[in-house]
Every structure is written in C-alpha cells, then in structure tokens.
Ligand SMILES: Nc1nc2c(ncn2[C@@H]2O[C@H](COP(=O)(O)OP(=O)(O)OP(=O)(O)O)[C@@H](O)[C@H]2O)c(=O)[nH]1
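First comes one chain, alone, set out as structure tokens in the form predicted on its own.
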Amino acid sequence: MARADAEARTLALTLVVFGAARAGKSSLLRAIHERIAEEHRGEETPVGGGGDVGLPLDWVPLDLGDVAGWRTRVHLYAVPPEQHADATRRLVLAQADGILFVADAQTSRLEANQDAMAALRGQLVSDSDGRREIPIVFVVTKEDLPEELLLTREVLEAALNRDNAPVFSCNLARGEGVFRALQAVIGSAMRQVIALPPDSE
C-alpha cells in the first residue's frame, strides 16, 4: 500500500510483477535493475534471481528521485502464481499499488497466461475492501520468436485484457520497452494515490 507524506512530498509505491511461470517476471526485474541509472537504484540489495531455487518472490527497490514534485521510491516484487506460493501472493498483492502483468506471447502458453490472470483477478476480488482500483499494465514477452509460434496480439488481448489496459511489447534481453511499461504503471499508480494529473508524470 502506498505511503504518501504530502507535507514532505515523499511517496513510496509497491508494484507487483505477475504472470505465469517462465513468462519473464524475474527477467523483467533484472532488465530494470541492470539498466536503470545507478543513482536510481535503491539502497537495499535486490533479492532473488532466476537461479534461486525455492525463493517465493524477487524484489528490486528503486529510488526515482523527483517525479512530478514527489520524492518517489518504488518496491518491485515478482510473485509466482503457483498455489504453493499462495500466502506470499496474498501478502504482496494486498499491498499493491500497481501491477505489471507479464504475458508470454507463445501460443503454447495461452492457457498458462489465462490461469495466471484468473489467479490474479480472483485474489484482487477476494482482497477488495472498496479501496481504489489497482491499475494493471501488460508486458508482452517472447515476441521475437518465429511468428508461427506466437499468438496474434488480438487473440492475446482478447484472452487477458478485458479492461483495455495499456500493453507494451518488451524484449527483456535487450531491455526494449521495459521502461515505457514501468513509467506507465508508476504514472497510473500515482494518479490513483495522489490524484496526479494525467500529463504530470
């Protein structure tokens, strides 16, 4: 849950990276951490990585400095959708101010994408207490694979994006599209939390 101090003009946001197994959640965090300017990395050491067996989530802190007049810190958590991580997922999603949903563009992964989205929406509904709506931004991965292996964007969005949320194609190995998606979800979260005007982030 966001922590905003209007007098000090400080803001701390919690963003959750969600998606099916092997969709690229940890890779997205790694792409952000490795490419963001040194001064915008949080003081704490990131936790987790693709090779850490049994770790229930990955975490990356960011200190973005001044964003629209607010000293903004962001905590990014990658949460697995699997049932064994249910307690972790519940805890982190309960604190979420925005969600980056990582969607695997491969045809063979459509059902896994849909299951992950169903798990996310189910958790958000069960946690609903009348507070503000949590913005979702989609990150589409694996689109650099051969076309015959991929879903069309229309099929993917029809299956997952019922609310017409922003969608960004991201090449995680090269970091392409990553920061546009991050900026979009941060801007949406800030508008929810502090009524930031649409053109201010």
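Don't overthink the numbering: it's just position in the shown sequence, from 1. The model shown is predicted, which means the values in this text are computed figures rather than measured ones.
There is also a form predicted together with the ligand; it is not shown, and the following applies to it.
The stretch among 59 to 67, 158 to 166, 35 to 43, 22 to 30 whose residues place heavy atoms within 4.5 Å of the ligand in the predicted bound form is 22 to 30. Contact with the ligand in the predicted bound form, judged by any heavy atom within 4.5 Å, is made by just one of Leu150, Leu172, Ile134, Val137: Leu172. Interface residues of 133 to 147, taken as those with a heavy atom within 4.5 Å of the ligand in the predicted bound form (partner not displayed): Thr141, Lys142, Asp144, Leu145, in sequence order.
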